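Here you get one chain, nothing else, as structure tokens; it is the form predicted on its own.
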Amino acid sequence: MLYDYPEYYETAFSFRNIEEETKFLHQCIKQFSKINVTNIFEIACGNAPHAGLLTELGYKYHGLDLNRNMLDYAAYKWKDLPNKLQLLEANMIDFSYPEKIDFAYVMLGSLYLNSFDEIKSHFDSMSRMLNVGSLYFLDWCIQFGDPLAHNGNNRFTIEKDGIEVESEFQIKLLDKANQMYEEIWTINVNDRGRHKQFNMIERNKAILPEQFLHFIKERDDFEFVGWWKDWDFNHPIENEHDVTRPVALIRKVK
């Protein structure tokens, strides 16, 4: 698994603008939170790329991931921060956390849930952890349009600090009735002349917009705040099928 090699994973996703993403999360808090935010929690945190900048903004970073190597890498990377990272090795489907959280987020569609029961269990876990008035920010977790439409040009190569990573993504429909897809990720690594290949398959249940709205409405502990396209609060999503990297926001109300 590529996740067992955090440095390669970090290189593969080094195209991200972490500074701009962090500013957006901060703006989200300032604009929509109804409580003072101190503790921030990331689901599927991996190498915790936002931890440094979020700490500089005065937040305390907490994260959850299933992979111990990723958590160890993140802890070492940010070992000199004034506030030590609080990291939990657990499955996002069903977990408990000893501290209350004021803001939570998940990035890049990393909400890997395979059934309605798993979706319900995840949001039950989030509800137990979040303070009333806190926000949960979901990046690319709601499926607008057909995922297969993005299968055309999903190969890219990126180089950082002498490590070159070539990635190719493909999506395969497994079960249309249950909206189950397979994400196939092929990675070729050239680590200063040493070559490795990773072939990863991850299954995910697509959460459609109308299903998400109905799911939140049926719960008494969350309310829907809004969703936007292209990480822009000036562009709410309104009956659009071709949306790049949509973000959604819900609030804990009970």
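Numbering starts at 1 and runs along the sequence shown. Computed from a predicted model, the values in this text were never measured in an experiment.
Not pictured, yet referred to below: the form predicted in complex with a small molecule.
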**Q.** Stretch in contact in the predicted complex with the small molecule, which is absent here, among 36-44, 205-213, 22-30, 223-231 (heavy atoms within 4.5 Å)
**A.** 36-44
Q | Proximity of R16 to the small molecule in the predicted complex, heavy atoms at 4.5 Å | A | yes
(Q) When the contact criterion is heavy atoms within 4.5 Å, does H62 count as touching the small molecule in the predicted complex? (A) no
(Q) Can you tell me whether M92 touches the small molecule? I mean in the predicted complex, with a 4.5 angstroms heavy atom cut-off. (A) yes
(Q) L57 versus the small molecule, in the predicted complex: is there a non-hydrogen atom within 4.5 Å? (A) no
**Q.** L108, A149, V132, L173 - the one with a heavy atom within 4.5 Å of the small molecule in the predicted complex
**A.** L108
Q.
Counting only non-hydrogen atoms and a 4.5 Å threshold, tell me whether L66, M70 and Y112 all contact the small molecule in the predicted complex.
A. yes
